[in-house]
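The chain that follows stands alone, in the form predicted on its own, written as structure tokens.
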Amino acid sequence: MTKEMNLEERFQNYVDQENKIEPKDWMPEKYRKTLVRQISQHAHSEVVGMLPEANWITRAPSLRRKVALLAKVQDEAGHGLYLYSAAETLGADRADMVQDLLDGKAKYSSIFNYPTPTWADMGAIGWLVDGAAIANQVMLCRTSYGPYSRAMVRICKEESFHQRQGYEIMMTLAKGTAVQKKMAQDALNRWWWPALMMFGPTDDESPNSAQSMKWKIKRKSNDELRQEFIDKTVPQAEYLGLTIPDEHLKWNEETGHYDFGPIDWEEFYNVIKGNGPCNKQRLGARQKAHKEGEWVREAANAYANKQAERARKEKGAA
């Protein structure tokens, strides 16, 4: 027990000195499990996050918009790949992680369980959802686990393009016809509160945050990140001529931040439990894609085994 405590103390001191933990380094089991849970949920969110947008690739209003949206969805698939790979360095098995998602055991971001009925939703997702994701993820570029930190550097660079792409869509609509501006406002109304929920429960209701911050997995609390997002986003909405759907929203001269209204946490937890507008639809789509892609996985594994066997024979012959 004493040896274990000494190892944990040394580990914490190492982290406190802003050093990166690498896969072969000793780490507390709880640290490893926390990272596997967080990274795998992040990976699942990237993969499921492709679904609300994929439906609009063929219906985007121009070839330029189609190509940009296709590239974005492709980026998100890549982000999932980086993150599953990072989780594997902690001893997690990718097949197990994917199966947990398909079985409904694993969680992903609640935001992706909302529908996308209009083209303006593509703008709102890019501007608000990816904007909230960037606020969360920029700090993860300095997370204490090396593989996760390095994966996030590239992911954040690509997410910044997604956010600008979404804002451009919203700007085009907001500066367009009355019908287009109304469409943009409607999308903002529907996505604003779910975007704020993306940062997770309030600090006093988030059981894992304190330990994650001590280990420097997280660098800022949920409430800090949410406030930063609001402070940055409100002026952007004002520039677009759109109205944030919060009657309590106002600038506070004393704090230097925007005050905002209460978040409907009952809705948040209801979506987390699988009762959101599109939970069953999203999970069903992933299950269908996984089943239909089985032959591809089998072919890839057969090819990999054949190549490995050929390499063994060549090595033996030499």
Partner chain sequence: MTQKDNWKIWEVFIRSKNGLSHKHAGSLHAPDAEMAIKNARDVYTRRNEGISIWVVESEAITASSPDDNDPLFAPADDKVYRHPTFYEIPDEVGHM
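Keep in mind that this is a model prediction, so the values were computed, not measured. Residue numbers count along the first chain shown, from 1. If you superpose the two forms and keep the largest set of C-alpha atoms that fall within 1.5 Å, you have the rigid core.
FYI, the form predicted in complex with its partner chain isn't displayed, but the following is about it.
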property	result
In the model of the complex, the one of E309, E18, E294, E9 near its partner chain [non-hydrogen atom within 4.5 angstroms]	E294
Listed residue that, although its partner chain is not shown, lies within 4.5 Å of it in the model of the complex (heavy atoms), from G78, G176, P117, P245	G78
Interface stretch in the model of the complex with its partner chain - options 79-87, 168-176, 189-197, 104-112, non-hydrogen atom within 4.5 Å	79-87
4.5 Å heavy atom contact with its partner chain in the model of the complex for all of E29, D223 and E266	no
D231: touches its partner chain in the model of the complex, heavy atom cutoff 4.5 angstroms	no
Any non-hydrogen atom of R94 within 4.5 angstroms of its partner chain in the model of the complex	yes
In the model of the complex, Q74 touching its partner chain (heavy atom, 4.5 Å)	yes
Partner proximity in the model of the complex: N301 to its partner chain, non-hydrogen atom cutoff 4.5 Å	yes
CA of Q17, rigid core aligned, shift of 2 Å or more between this form and the one not shown	no
